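First, one chain by itself: the form predicted on its own, in structure tokens.
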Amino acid sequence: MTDRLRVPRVAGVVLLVALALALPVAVADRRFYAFIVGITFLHVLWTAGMNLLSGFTGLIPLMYAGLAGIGAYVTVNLVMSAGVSFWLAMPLGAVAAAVVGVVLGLPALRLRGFYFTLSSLVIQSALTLLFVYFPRFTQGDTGISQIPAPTVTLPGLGTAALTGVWFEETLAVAAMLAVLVVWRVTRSRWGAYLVAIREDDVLTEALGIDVTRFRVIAFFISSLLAGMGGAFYAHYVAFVSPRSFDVLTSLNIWLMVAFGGRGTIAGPIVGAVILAPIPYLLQDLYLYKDIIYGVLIVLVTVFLPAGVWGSLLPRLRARLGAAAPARVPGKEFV
């Protein structure tokens, strides 16, 4: 990468971080818009995890929302029933989601393409039924309401609930950390192996690389982020039900990744920022919002097949006076 490209990239990252931290403050007095900002940060976190599998490993995990649900329900039960602090319960819920994801997904990870997707759909359906028919832990279709906000202890000020703009700021930091984790993984040797598996898993295995092992690693990290997002979602919205984590949620997260640009770091962020607010901003047009949502996705699929960011990235590089570099696994994606 030339220095001419490096400077705008660093400046863009700094600007993006500053914008993410400033946005909750800018809309703090308008709680409806602040809530949309928080939900968008949650989807940025989720799309980062989905992108690691869908964009860099070539898998479409339609059980992703179910794993987020495991993280949410484990965290909520630890907090509300066992009295555990959210900051301890959240990582435990995330690890539980990752372990369950690997255990359930390990047989499916040996499959390829459509067969893995179909298998993951079956797992998602099983998890949804689990959420419905184990009301002792999930309250069934009724859902769990009045979930308390996390608390923080401030030196000299005692304990306070994490609400309002501070919760949105926390979600912004969590989203940026998730993006950073995915960026770091994809820039490592592991990332190069994952991209090689995505391009041709048979050839990669023939070269002596353990395809299943690296898929399991990617699946564990992705499931960890899913569970983390589910835990934050439950305590941010203060309500969870099986419908919060059904197959449509998985499809929406995958669509955000594809809409923005799979296999790029910035693409899923763009997809989440554009698509996540639409159901809330167009709720007065409830008869048409699904049509608008669908038409927007179709237009991008037809005219920008690599996604919004994936299609615009080569043009941006060309404007900076440098041809887009050849794609080297694990090193080319922004």
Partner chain sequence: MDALLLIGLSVVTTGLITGAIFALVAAGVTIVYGAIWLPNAANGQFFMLGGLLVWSLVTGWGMSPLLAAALVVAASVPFALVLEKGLIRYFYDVPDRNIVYLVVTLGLAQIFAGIFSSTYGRWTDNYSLPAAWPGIVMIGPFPFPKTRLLVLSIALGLLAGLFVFLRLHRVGRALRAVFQNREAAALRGVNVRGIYRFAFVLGTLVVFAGGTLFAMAYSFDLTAAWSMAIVAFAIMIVGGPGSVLGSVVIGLVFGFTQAIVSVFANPTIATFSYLVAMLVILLVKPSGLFTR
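Numbering follows the first chain given and starts at 1. From a predicted model like this one, the values you see are computed outputs, not experimental measurements.
If you look for the form predicted together with the partner chain, you will not find it shown, but the lines that follow are about it.
S.K.: Does at least one non-hydrogen atom of Leu92 fall within 4.5 angstroms of the partner chain in the predicted complex?
M.R.: Answer no; every heavy atom of Leu92 is more than 4.5 Å from the partner chain in the predicted complex.
S.K.: Using heavy atoms and a 4.5 Å limit, would one call Phe86 a contact residue for the partner chain in the predicted complex?
M.R.: The answer is no: Phe86 has no heavy atom within 4.5 Å of the partner chain.
S.K.: Quick one: is Trp254 in contact with the partner chain in the predicted complex, heavy atoms, 4.5 Å cut-off?
M.R.: Looking in the predicted complex, residue contacts with the partner chain include Trp254, since a heavy atom lies within 4.5 Å.
S.K.: How about Tyr288: is it within 4.5 Å of the partner chain in the predicted complex, going by heavy atoms?
M.R.: Flag for Tyr288 set to yes.
S.K.: Exactly one residue in Asn77, Thr151, Gln139, Thr117 has a non-hydrogen atom within 4.5 Å of the partner chain in the predicted complex; which is it?
M.R.: It is Thr117 that has a heavy atom within 4.5 Å of the partner.
S.K.: Under a 4.5 angstroms heavy atom criterion, identify the one residue in Leu42, Ile60, Val270, Ala276 near the partner chain in the predicted complex.
M.R.: None of the others qualify; the residue that does is Ile60.
S.K.: Can you tell me which of 25-33, 46-54, 292-300, 64-72 lies within 4.5 Å of the partner chain in the predicted complex, counting heavy atoms only?
M.R.: It is 292-300 that comes within 4.5 Å of the partner.
S.K.: May I ask whether Gly113, Leu121 and Tyr133 each come within 4.5 Å of the partner chain in the predicted complex, counting any non-hydrogen atom?
M.R.: The answer is yes; Gly113, Leu121 and Tyr133 each reach the partner chain.
S.K.: Go through 223-243 residue by residue and record those having a heavy atom within 4.5 Å of the partner chain in the predicted complex; state none if no residue qualifies.
M.R.: The stretch does not touch the partner at all.
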